[in-house]
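Below, in structure tokens: the form predicted alone, a single chain.
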Amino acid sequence: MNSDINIIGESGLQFFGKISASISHEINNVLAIINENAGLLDDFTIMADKGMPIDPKRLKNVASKILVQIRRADEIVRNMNTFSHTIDQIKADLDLRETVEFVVTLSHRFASMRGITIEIKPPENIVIISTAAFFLENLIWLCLDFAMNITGSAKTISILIEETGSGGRIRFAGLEGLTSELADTFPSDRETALLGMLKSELTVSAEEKELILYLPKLHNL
């Protein structure tokens, strides 16, 4: 039990560190674009000082690009804030679709770097489960990270969220590269510890080329 707690703690720190580092990279990219466009505005100012005409459309275009990046930065910071506060939520009622979408948003940079497209199919009805948000996000991320490594040539992952009689399930489908040998390696100790903590189950099917994560509607930590 103590070993599982240690694994969960270590996994949580790794997850938080990886996502935080990714967010900081995104913010740096935004700042770099804003800096580039601020440099253009400075160039226009020098041109104006020399009496050279400046096309107002060029100024408007630069201003528009800066505003787009400011909105992008605002969204990134809001996601970072939300992610940080999930650690405070020992137990919360979560919309499973929103939780999956949030983890996919946090994972966008990793998917983009691997050239992978992630398609989410929402459930017919809202699926609410009561659980620990941060640990669930960690578990979804680990499944998604594994899935991104075995997409095959299609480089597309379909995530289907479905209601079950006892809660909900998340299916990571279209995993062309999932073989029996790889299926034997997942879940590892990290996923197994989180599955136990969240009273959830995971099936890995090389035949169906998918992972299915089953989550109870309610459980006590």
Partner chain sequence: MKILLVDDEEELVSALAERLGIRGIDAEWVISGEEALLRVKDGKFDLAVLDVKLPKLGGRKLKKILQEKCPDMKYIFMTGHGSEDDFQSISNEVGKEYYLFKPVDIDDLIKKIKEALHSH
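These numbers come from a predicted model, not from an experiment. Numbering follows the first chain given and starts at 1.
Separately, the form predicted together with the partner chain exists; it is not shown, and the next lines address it.
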Residues 137, 160 and 169 all lining the partner chain in the predicted bound form, heavy atom within 4.5 Å | no
So which of 153, 185, 35, 180 gets a non-hydrogen atom within 4.5 Å of the partner chain in the predicted bound form?
-> 35
Note: the partner chain not shown here; in the predicted bound form, the stretch from 110-118, 123-131, 143-151, 88-96 having heavy atoms within 4.5 Å of it is 110-118
So in the predicted bound form, does residue 43 come within 4.5 Å of the partner chain, heavy atom to heavy atom?
-> yes
Classify residue 39 as contacting or not contacting the partner chain in the predicted bound form by the rule of any non-hydrogen atom within 4.5 angstroms, answering yes or no.
-> yes
Mark residue 29 yes when one of its heavy atoms lies within 4.5 Å of a heavy atom of the partner chain in the predicted bound form, and no otherwise.
-> yes
If you check in the predicted bound form, is residue 47 within 4.5 Å of the partner chain, heavy atoms only?
-> yes
Looking in the predicted bound form, the residues of 65-97 with a heavy atom no more than 4.5 Å from the partner chain, listed in order, are 65, 69, 72
